[in-house]
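One chain is shown next in structure tokens, namely the form predicted on its own.
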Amino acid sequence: MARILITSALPYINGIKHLGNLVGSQLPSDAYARYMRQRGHEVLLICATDEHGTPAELAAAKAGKPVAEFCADMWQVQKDIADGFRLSFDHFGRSSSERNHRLTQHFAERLAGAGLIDEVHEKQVFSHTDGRFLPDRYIEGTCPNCGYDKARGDQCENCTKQLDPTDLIEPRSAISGSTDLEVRETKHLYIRQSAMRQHLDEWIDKQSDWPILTTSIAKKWLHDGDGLQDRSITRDLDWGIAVKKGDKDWPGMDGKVFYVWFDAPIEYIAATAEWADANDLDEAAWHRWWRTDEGADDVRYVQFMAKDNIPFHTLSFPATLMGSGEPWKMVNYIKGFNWLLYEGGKFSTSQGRGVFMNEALEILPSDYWRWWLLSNAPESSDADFTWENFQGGVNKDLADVLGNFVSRVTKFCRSKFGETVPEGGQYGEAEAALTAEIQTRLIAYEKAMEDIEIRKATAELRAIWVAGNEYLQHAEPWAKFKTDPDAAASVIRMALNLIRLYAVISRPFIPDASDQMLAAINLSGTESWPDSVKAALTALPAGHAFTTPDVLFAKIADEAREELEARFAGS
């Protein structure tokens, strides 16, 4: 049994996330965690809200609430939505926690002691209209590298080049749009990432199994232009973690807080400590996941994130861990995702364009979204959500293939044999061929999940569902029953066992439907992963009672699809 630590990129606190955010980290991390738990491994799935920085302050002001109250309220909103999508986090924490405050200040103290932090006098943009310094994400302008006119002061989303606010052409306040800006001198702390360049380069070179998307972005940041740059880890803000060296004040840093991108990844560790606290466990309980001198060497640590987060997780956070000189667990595998687009463009909160997580759950149950998003996960390239594709995926895969199979089998059995697994008849060549095909497919499915190739895994799972339908079509128990009821009984017995198998192996992707299928055949969600398909397809004995379930998946009608297209088209 392996021990697997899984972290999902932290959703930002300032609003409800859209479907692209969901499939870019949280949802695939859950599917992977569910699968690994079913295979008997010890899994710890950690996530949290990312709560510091100017966006939280602005969102709180817009809501008319103190920022701490706003963040607490939004944490609950995001937690409820995560529960609605059946995201099985072992702990869903908060980056504003006391644990994260102490750990962030601890890391700053360690980095300073190692000579990896400089105090830098720099020029920073001050907005007269807004009456405040503008943190880099609240300055927009034209990227000097690619010409994108909505680049932010820390990074261009178009070309991913790392920027400073003073690099931007024609800068403006992202808060007010004002160009009445002034560059003033202030002092900040910088982490000397450049001093860690060789260590990071060598470490990344050792990660031979990382996805190309992950390594290519990391290498680009390491080597393009002037290479990896030193980065500020402080900001002139009220909301955040106060700049201290451990529990001591940092001279000259009064009124400053740590940059959100410094403290947010540290929350992975802090949230694990929060998990231990919440479960009345001691320090050793979370140290065994994070401290290599206390057992974490045996842990496989996997991170899930969208591609814009990759530079911070391959370079900045590792630089913090390495630079501390302490035995912290380094990530083993980083699964990066491309973008999910909406009808060929970007999701937009301001324009009402695209589906957001709370709206999705109001429209359809979570399994519909889980299946389509994971079976279309943007792994090798950007993916495009369209209502037509969504309708097609739900109707074909879930309603016609899986749902229809369950309905046909249980209803036919009830009408001809009653609501128990029928006796009579022996399995023959058709059943042997089906067993062999599913065994081959299941091995491929398992390998895809081990390799975290989500789309490939769903393709194999879908093929297993299809195999059962094709078997049923060729076996024709409804025709056999007229002349050979025993032969029809053996087909239905096989089909009922297929329902059990489908319920077990589909759980990582559609957990609610899995529960429904198991409940229909009077079993629970504790059914174990099959070691042998042959054994799994004889698990339900003759006489085992079942009930005919309600429709697993309802089809999406054309009229409903058209209404949804219009509703979410945006202004």
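Heads up, when I say rigid core I mean the largest set of C-alphas that superpose within 1.5 Å between the two forms. Throughout, we count residues from 1 along the sequence that is shown. Here the structure is a predicted model, which means the values were calculated and not measured.
Keep in mind that the form predicted in complex with the RNA is not shown, yet the notes after this line are about it.
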In contact with the RNA in the predicted complex (heavy atoms, 4.5 Å), from 24 to 32, 38 to 46, 51 to 59, 513 to 521, is stretch 51 to 59
Triplet Arg137, Gln155 and Ala383 all within 4.5 Å of the RNA in the predicted complex via a heavy atom: yes
Phe481: touches the RNA in the predicted complex, heavy atom cutoff 4.5 angstroms: no
Touches the RNA in the predicted complex: Phe312 (any heavy atom, 4.5 Å): yes
If we define contact as a non-hydrogen atom of the residue within 4.5 angstroms of the partner, is Val260 a contact of the RNA in the predicted complex? yes
Arg235 near the RNA in the predicted complex, any heavy atom under 4.5 Å? yes
Listed residue (Gln76, Ser216, Thr179, Ser348) with a non-hydrogen atom within 4.5 angstroms of the RNA in the predicted complex: Ser216
Proximity to the RNA in the predicted complex, single hit among Asn145, Asn332, Asn404, Thr166 (heavy atom within 4.5 Å): Asn404
Taking the RNA as it sits in the predicted complex, which residues of 220 to 238 have a non-hydrogen atom within 4.5 Å of it? Please list them. Lys220, Trp221, Asp224, Gly227, Leu228, Gln229, Arg231, Arg235
Aligning on the core only, does the CA of Glu185 end up 2 angstroms or more away between the shown form and the other one? yes
I want to check Gln439: does it shift between the shown form and the other one by 2 Å or more at the Cα, with the core superposed? no
